[in-house]
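Only one chain is shown below, in structure tokens, and it's the form predicted on its own.
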């Protein structure tokens, strides 16, 4: 029973972060119909921003070698600020890689190529500035909180509860905003039919910017949480998580917010059930599950079948 509880907490904490990250893809896809491949790089930046804001110093390599900010913020403050910084980067990606193509009504494939190029540039910029080595957030990042807690007889790492709690709060806040605020409802209207929304007086371009800002914030928060949990393994560490989040996006159903949440939790639990001696095959198990589900339900768990208009 203790082992089962530990597996449950492991799966839910990781799955909640997957869901949070995948929602960023979902928001942009819902309004533009394309996938932002630069999201993985924004995720990585969120982790680095968090590391620097809590007082971390740049290593011996890179143009910023030895740099440290003159202050050190608590993790609870550094994380949302890192999310805001990541949101600004996401808006920059929209302005450089998406907006010029949107104004020219370019083919969707070009969006994918330019966003992929923007992601590669960001990753290489990180490596140029901070080097290729990994970084670990300080052990006391969570202040006086204990390293582990005993819950129902199971020893659960405090950081797992932090991942689960923060992700749940952000997901609940995002859901309430989408369903109860004017901006959230306008965003949903644009995702349903941008032309009709524009005729009704909704600023479609403004909603696209909003989707990129929220998407970048979610990626930055996710990166900071993962950096806290397993450390930052280098400038490219967001790519693997980006691929996993894309899998969550497809499994849940393209453009479905509840589907992304459900799929993220399922993928997290599927990985947690892999025995420790086979931990190297976690990704294979997750994507095999994805493959099996899509064979039976191509539109994803909560996605709607695409209707071809003629």
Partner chain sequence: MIDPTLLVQMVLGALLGLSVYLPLSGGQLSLATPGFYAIGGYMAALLSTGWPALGGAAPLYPLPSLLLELGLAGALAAAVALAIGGPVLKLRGIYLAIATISLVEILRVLNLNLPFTGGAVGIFAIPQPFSDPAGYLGAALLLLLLVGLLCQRLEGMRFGRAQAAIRDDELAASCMGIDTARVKLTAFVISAVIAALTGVLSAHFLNTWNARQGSFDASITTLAFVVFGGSRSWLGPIAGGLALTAVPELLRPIGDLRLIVYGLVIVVGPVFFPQGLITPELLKGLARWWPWRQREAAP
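Here the structure is a predicted model, which is why all the values come from computation and not from measurement. Positions refer to the first chain, counted from 1.
FYI, the form predicted in complex with the partner chain isn't displayed, but the following is about it.
Taking a heavy atom within 4.5 Å as contact, would all three of 113, 117 and 121 count as contacting the partner chain in the predicted complex?
Checking in the predicted complex: 113, 117 and 121 are all within 4.5 Å of the partner chain.
Check residue 128 for me: does it contact the partner chain in the predicted complex (non-hydrogen atoms, 4.5 angstroms)?
Result yes; residue 128 sits at the interface with the partner chain in the predicted complex.
Using 4.5 Å between non-hydrogen atoms, is residue 243 touching the partner chain in the predicted complex?
Yes, contact at 4.5 Å.
Heavy atom to heavy atom, is residue 284 within 4.5 Å of the partner chain in the predicted complex?
The answer is yes: residue 284 has a heavy atom within 4.5 Å of the partner chain.
Does any heavy atom of residue 169 come within 4.5 Å of a heavy atom of the partner chain in the predicted complex?
Close contact is absent here: in the predicted complex, residue 169 is far from the partner chain, nothing within 4.5 Å, heavy atoms only.
Stretch from 45-53, 30-38, 65-73, 263-271 whose residues place a heavy atom within 4.5 Å of the partner chain in the predicted complex
Looking at the other structure, the answer is 30-38.
Which one of 97, 174, 89, 209 is close to the partner chain in the predicted complex, taking close to mean a heavy atom within 4.5 Å?
By the 4.5 Å heavy-atom cutoff, the listed residue in contact is 97.
Listed residue (239, 149, 145, 132) with a non-hydrogen atom within 4.5 angstroms of the partner chain in the predicted complex:
By the 4.5 Å criterion, the partner-contacting residue is 239.
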